[in-house]
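Just one chain follows, in the form predicted alone, and it is written as structure tokens.
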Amino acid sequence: MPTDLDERPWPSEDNSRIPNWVYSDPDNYRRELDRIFYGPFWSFVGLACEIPEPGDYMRSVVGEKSVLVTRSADGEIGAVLNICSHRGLEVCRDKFGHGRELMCPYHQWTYDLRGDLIGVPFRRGVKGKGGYPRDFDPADHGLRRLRVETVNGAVFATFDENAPAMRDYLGEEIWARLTRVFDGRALEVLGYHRQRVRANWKLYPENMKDSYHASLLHVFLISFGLYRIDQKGELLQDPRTRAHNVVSSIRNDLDDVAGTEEMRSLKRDFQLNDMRPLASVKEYDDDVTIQIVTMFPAFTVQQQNNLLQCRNVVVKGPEEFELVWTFFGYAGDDADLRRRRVRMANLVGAAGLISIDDTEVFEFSRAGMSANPDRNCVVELGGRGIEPPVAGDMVSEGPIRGFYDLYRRIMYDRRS
């Protein structure tokens, strides 16, 4: 049934205006959980190399729901809802574990790693008294399974059995860029960062689609030429949804400053005492030095020179999210390349030389939006439509408008 949310006006027919209330409204957030995170969309839940052996498992999250990603005895990766079918407890509290079964601590209902219920204490009672009804069937009470797909070592899950396969979900162009990084080589985790951000979760995928802010906000990023909007680059969008996209560019010569006249944060005389965190080697067939792939709703995988990272948004309410960074390389990397990847991790993460700027402006955004839900954001750079910019045009907020085109169709179309 339509609710008050369906009656709230969007400020324009196109997506060039975004109302501030979508970043703080509790009812809107609950609908996002139901229709997006628990709907026919895929969420990143980890890397297969984090559970390399049969019997390994790890906790992850889809929306606000804890899930367990498991590798069963035959090596198959699956995911189950981390909630006991008996009394609703989280079955597992460990981040990582290993074993043949999962046992709820309360009444010791026990499950195998596929989620099948294999043990119920006192099922037949004690000394002939009590117990469960004779028609009680453990097969009816397993852990809820999620649909899982692994893309060359990256594991995705959805609650909806009808979600399209990942390749169809992303479209060919975005799939090609995702599998440029997840290319089939065995992966190796190099480390993690986790941070809480007091802001709405949508600000993060918006930020990753926004090639505009990076040349204005990030002194470090542009002063050392890691990325600038004047570089040769591209903005790609999945032509069907407009909500999955790629930002990529090729680093130019530091002395090539044409087009930087309005970049007030550019400091051409900046130097580091130790420049090694910026020292990279070519490792892909192309010359792309930064590639950011964002997948609807809230997953990003980024290559920045030799730095590889997954950035996964875990929602924590309408005005808070957790950002989980997983830094990785390839299992066949030599020691030098592994060191380069680890040094470059200083650029990003909770206190990264670049990313710390984003965290601060997210919280500024929350302060402004939360207090002014009747105001709207203006998203007109590059026009008002959702068409992708022409090849080589990086000066566009088209990918953000594309995100909201799909978002509005999911959230506010009347369904019953």
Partner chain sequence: MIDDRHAVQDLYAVQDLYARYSECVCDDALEDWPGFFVEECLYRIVPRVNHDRGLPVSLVLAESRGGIIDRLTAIRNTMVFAPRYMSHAVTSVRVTGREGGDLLSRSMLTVHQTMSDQPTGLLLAARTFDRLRFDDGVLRFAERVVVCDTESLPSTIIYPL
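Residue numbers count along the first chain shown, from 1. Just so it is clear, the structure is predicted and the values come from calculations on it, not from any experiment.
The next section is about a form of this same protein that is not shown, the form predicted in complex with the partner chain.
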Point to revise | Tyr204, Tyr284 and Cys310 all contacting the partner chain in the model of the complex, non-hydrogen atom within 4.5 Å | key: no
Point to revise | Residue contact check: Gly99 to the partner chain in the model of the complex, 4.5 Å heavy atom | key: no
Check your understanding: Hey, in the model of the complex, is Glu76 touching the partner chain, heavy atoms inside 4.5 Å?
Key -> no
Review point. Is there any non-hydrogen atom of Ile250 lying within 4.5 Å of the partner chain in the model of the complex?
Key: no
Practice item. May I ask you to check whether Glu380 falls inside a 4.5 Å heavy atom distance of the partner chain in the model of the complex? Key: no
**Study point:** in the model of the complex, segment of 150-158, 230-238, 136-144, 184-192 with a heavy atom within 4.5 Å of the partner chain
**Key:** 184-192
Review point. Looking at Phe327, Tyr330, Trp175, Phe299, which has any heavy atom no more than 4.5 Å from the partner chain in the model of the complex?
Key: Phe327
Practice item. Scan Arg276, His107, Arg114, Arg167 and let me know which has any heavy atom within 4.5 Å of the partner chain in the model of the complex. Key: Arg276
Study note, to complete from the structure: Of the residues spanning 327-343, the ones with some heavy atom within 4.5 Å of the partner chain in the model of the complex are Phe327, Val342, Arg343
